[in-house]
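Only one chain comes next, encoded as structure tokens, the form predicted alone.
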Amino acid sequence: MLARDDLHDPNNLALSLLQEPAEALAVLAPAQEGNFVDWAAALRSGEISPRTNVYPETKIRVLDLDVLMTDTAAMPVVRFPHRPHTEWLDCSNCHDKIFVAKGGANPITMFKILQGDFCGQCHGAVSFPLTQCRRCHSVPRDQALRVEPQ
């Protein structure tokens, strides 16, 4: 509840004008983790239609390309799906600030992600939490047909 979230002032009379997050999020596509909303499904179904950027004349380019990251020790291969990311964001949000747009140019490790680098810029902060390992480590090694290095 907003009055007990340690973010809002419980004595502020205007607090009653705000909608409780649980009520607002309950109507969106459910997920089993984080804030319990599958934001990509909510976007695809039309439940939400966020702005992709602050400049209305900028058109985003949805890129339907998966990148497989195989340097994952004993864990399954990571499949990075560009599509759900580019449905939300323009390419310039990530390239070349967070990720260099060249195969093998990003020294991604879980340690760096947990420190807030690379994927950790959003995941664990504004996107699903990093405790959901299988959301990213989703391709069994024996099924990784197209291999692209990190």
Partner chain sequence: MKPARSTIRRLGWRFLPFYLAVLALGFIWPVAAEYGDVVLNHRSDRAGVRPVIFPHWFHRIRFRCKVCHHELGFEMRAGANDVKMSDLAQGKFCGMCHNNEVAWGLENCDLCHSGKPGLAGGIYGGHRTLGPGRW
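Residue numbers count along the first chain shown, from 1. Quick caveat, the model's predicted, so the values are computed rather than measured.
Although not depicted, the form predicted together with the partner chain is the subject of the following passage.
Query raised in the report: Is Thr70 one of the residues lying within 4.5 Å of the partner chain in the model of the complex, judged by heavy atom distances?
Result: Heavy-atom contact with the partner chain at 4.5 Å: present for Thr70.
Requested in this report: Report yes if any heavy atom of Gly116 sits within 4.5 Å of a heavy atom of the partner chain in the model of the complex; otherwise report no.
Outcome: Result yes; Gly116 sits at the interface with the partner chain in the model of the complex.
**Report entry** Touches the partner chain in the model of the complex: Ile60 (any heavy atom, 4.5 Å)
**Finding:** The answer is yes: Ile60 has a heavy atom within 4.5 Å of the partner chain.
Requested in this report: Look up in the model of the complex whether Phe99 has a non-hydrogen atom within 4.5 angstroms of the partner chain, and give yes or no.
Outcome: Phe99 lies outside the contact set for the partner chain.
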